[in-house]
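Quick heads-up: it's one chain on its own, the form predicted alone, in structure tokens.
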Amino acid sequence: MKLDRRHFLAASGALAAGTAVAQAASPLPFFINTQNNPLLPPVKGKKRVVVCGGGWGGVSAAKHLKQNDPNLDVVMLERNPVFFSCPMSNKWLIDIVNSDYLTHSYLKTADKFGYTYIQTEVTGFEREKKRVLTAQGFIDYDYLVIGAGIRYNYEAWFGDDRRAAAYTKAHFPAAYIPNAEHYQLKRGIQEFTGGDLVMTLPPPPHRCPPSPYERACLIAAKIKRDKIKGRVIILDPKESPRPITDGFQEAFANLYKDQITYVPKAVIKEVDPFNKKIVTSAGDFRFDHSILMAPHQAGEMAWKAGAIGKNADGKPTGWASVDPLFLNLKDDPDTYVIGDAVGIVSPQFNFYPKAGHVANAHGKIVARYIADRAAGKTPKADLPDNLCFMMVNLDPIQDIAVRFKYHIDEKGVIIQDQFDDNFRTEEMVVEDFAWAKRMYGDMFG
């Protein structure tokens, strides 16, 4: 089967036309903008679940909560007016798919499945009162689901220098938090005319572990196709690409030997965005353009909720401390954290992959837990899975992939089995787009 860019643009446009509608206005504009007023009055006779965050996990939780128990009053709080998908966005950066393919209407989805969407900023939590504070007022809950996503830990590079952090985010965005950064990054890629484009990879754990390598391959493919005199320099703190090690190494060596320079064990020591210089344990690098990916931590809402765990020295781990099986905070059974913000869950592999697939699974799992509890039942522990496809070639269009399965061993420990699909094929691209269609359908269809 011959696959080309034109066919995928057409396919992605057809899928988006049936599912994505932009919604710019707040669905509830009449509330007084003060935290001293209730955002939404309680519904008599119904238990309320407040979902904070409308990413892959939050949207999935809101929909499946209503499907599991239609009598629940489900409210999703999200600061963005539309959903923008980080998964599949690397393909958008070089115009394999269009913007409509990545965007979906929060309001349309909420209306379709019977929950309430409010566009607002979450400003704090009063968990002892079971209350969420927002820019438009407070809202009380019986159960709380936090899909905080990630934040960039620029402090690891710049300390208290907020000017350097702001300059980096504005001029050399990582684009792992939707969606304004993605547009800035895309502009930088499209306007790149040559020289060294340096990518700093965050140390693990970070959002979508194989995604930076896919991004490098697709940018390199564009450089090669457009005959640009430039290269991508990957500064990786790890000793080799992970996951899908062999598949990416093969692509670097055989597809992009003139377009990609891979530097392992390049731990960042200093970043100077103003003078375009990076100091690492593997040497110093200057750049013409850069994608500066600082270390990741759980998103701001997890910090505001007091969900961040502490290490043996009493310092914050950077990630939410949850029950490994039930995903509720260890000191609060009615507050759940899902998706990328989740901390260590197993001594074997530490963290679940911080991926949209896992967040979607977490949302559905927690929705079942809450529905069971609301019905007076004891929830049965469940585990996610994970599947990531990565496009590495444009002529022909080809993907590689990684799959994860999880089970609980006889000691009650969660065990991860990993399967790398290192051999790039056109058929795997078909699976990639079928996966996206299936996932979008599960959240919005």
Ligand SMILES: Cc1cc2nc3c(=O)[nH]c(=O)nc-3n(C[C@H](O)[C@H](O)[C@H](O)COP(=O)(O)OP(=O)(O)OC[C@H]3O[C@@H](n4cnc5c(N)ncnc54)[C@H](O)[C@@H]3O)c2cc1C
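From a predicted model like this one, the values you see are computed outputs, not experimental measurements. Numbers for residues come from their place in the sequence shown, where the first is 1.
This protein has a second form, the form predicted in complex with this ligand, left out of what is shown; the following refers to that one.
Q: At 4.5 Å by heavy atoms, is each residue in Pro202, Gln249 and Val429 next to this ligand in the predicted complex?
A: Zero of three within 4.5 Å in the predicted complex.
Q: In terms of non-hydrogen atoms within 4.5 angstroms, which of the given stretches 36-44, 52-60, 409-417, 393-401 touches this ligand in the predicted complex?
A: That would be 52-60.
Q: Which one, Cys86, Ala165, Leu327, Ile189, lies within 4.5 Å of this ligand in the predicted complex by heavy atoms?
A: Contact residue from the list: Cys86.
Q: Which residue, Met301, Val232, Leu144, Ala361, is the contact with this ligand in the predicted complex, using a 4.5 Å heavy atom cutoff?
A: Contact with this ligand in the predicted complex is made by Met301 alone.
Q: Could you tell me if Thr317 has a non-hydrogen atom within 4.5 Å of this ligand in the predicted complex?
A: No.
Q: Any chance Lys222 has a heavy atom within 4.5 Å of this ligand in the predicted complex?
A: Lys222: no, not in contact with this ligand in the predicted complex.
Q: Should Phe423 be counted as a contact of this ligand in the predicted complex, where contact means heavy atoms within 4.5 Å?
A: Result no; Phe423 lies far from this ligand in the predicted complex.
Q: Just to confirm, Asp236 within 4.5 Å of this ligand in the predicted complex by heavy atoms?
A: The answer is no: Asp236 has no heavy atom within 4.5 Å of this ligand.
Q: Using a 4.5 Å cut-off on any heavy atom, which residues of 314-353 would contact this ligand in the predicted complex?
A: Residues within 4.5 Å: Ile338, Gly339, Asp340.
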